[in-house]
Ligand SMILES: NC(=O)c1ccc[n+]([C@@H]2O[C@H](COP(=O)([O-])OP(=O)(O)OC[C@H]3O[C@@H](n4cnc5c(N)ncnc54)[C@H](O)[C@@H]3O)[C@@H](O)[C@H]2O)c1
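Below you'll find only one chain, the form predicted alone, shown as C-alpha cells.
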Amino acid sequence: MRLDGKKAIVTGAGGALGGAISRALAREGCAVAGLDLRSDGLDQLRTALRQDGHEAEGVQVDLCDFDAVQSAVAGIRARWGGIDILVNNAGGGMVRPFAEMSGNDWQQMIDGNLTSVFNVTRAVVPTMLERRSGRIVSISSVAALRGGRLVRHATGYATAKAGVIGLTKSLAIELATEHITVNCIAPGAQLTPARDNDTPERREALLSQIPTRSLGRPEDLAETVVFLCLPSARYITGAVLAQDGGHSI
C-alpha cells in the first residue's frame, strides 16, 4: 500500500499491459481510472478490481479526440478531486514497408501513439500544477531506441514512440520545479497474448536479438511503473528506462 489514497489514470487499460499496470497500482492502494477505446477489456478490468476491493472507474473514450479526452478527465477529476498519477500506456504498431505507407497509415501511427499521449497529458497536467505534485509515466518502445530492429517495417511506429521520448524529456524540464516528475519506459518485446501467434521461427528471430533470450513480462513492466510513481522516485525525472532484456545495449 505504498501509494495508498493516490488517484491514477491508465490509458489503454483494457489491454494486457494496461491491465497489468492497473492491477499493480491498485494493489499499492491507488484508485484507478482506465481510459480505453475498447469497452470489453475495460469493463472486465473494472469489475475485477472492484471485486478485489479496489476503487476503479472505466471510461470508454477515443484518446485521439482532444475534446472527448478533456471531458473524460474532467469527469474523473470531479469525482475524485484530483489526479496524482498518469500512465500513458495506450498505443499500437503497424508493420508496413515505408515505401508502401499511405498518409492515413502515417497519421494513424502518430495519432495513436503520440497525439493520444499529448491529449491525455494536456488534460491531466493542470490539476497536477494546482496541487504542485504528480507522476507521469509514458510507455514508449525499444523501437524508438533501436529503430525497430526487433520488428522490421515499423518506421511509423518507431517514429511516433520516439516522439513520446521527446515529449517526456521536454515536459520533465518544464514541470521540474512543480514537483511533477515525467519519465518514460521503453519496453522490448512483451509476453502478451499476441505473442501466442508467433511461429517457432518468429520466436527464435526475436530471442536471437535479446541478450537474455527471454521476452518481457507485463507484470515486471507494471512494477517498474509503480517504482517511478513512489515517493522515493522523486529525484528521477526525464529518464528513459529501457526494459528490454538488453536488446538496446
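Note that residue numbering begins at 1 and tracks the sequence as displayed. Here the structure is a predicted model, which is why all the values come from computation and not from measurement.
The next section is about a form of this same protein that is not shown, the form predicted in complex with this ligand.
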item: In the model of the complex, Ala16 touching this ligand (heavy atom, 4.5 Å); value: yes
item: Touches this ligand in the model of the complex: Ala189 (any heavy atom, 4.5 Å); value: yes
item: Non-hydrogen atom contact Thr168 with this ligand in the model of the complex at 4.5 angstroms; value: no
item: 4.5 angstroms heavy atom contact with this ligand in the model of the complex for Ile139; value: yes
item: Contact test, all of Arg77, Val125 and Leu175, partner this ligand in the model of the complex, heavy atom 4.5 Å; value: no
item: Heavy atom within 4.5 Å of this ligand in the model of the complex - residue from Ile180, Ala56, Ile210, Leu37; value: Leu37
item: In the model of the complex, the residue from Leu45, Leu63, Cys184, Ala26 that sits within 4.5 Å of this ligand by heavy atoms; value: Leu63
item: Per-stretch contact check against this ligand in the model of the complex, the hit in 126-134, 157-165, 97-105, 78-86 (non-hydrogen atom, 4.5 angstroms); value: 157-165
item: Partner contacts for 78-92, taking this ligand in the model of the complex and a 4.5 Å heavy atom cut-off; value: Asn89, Ala90, Gly91, Gly92
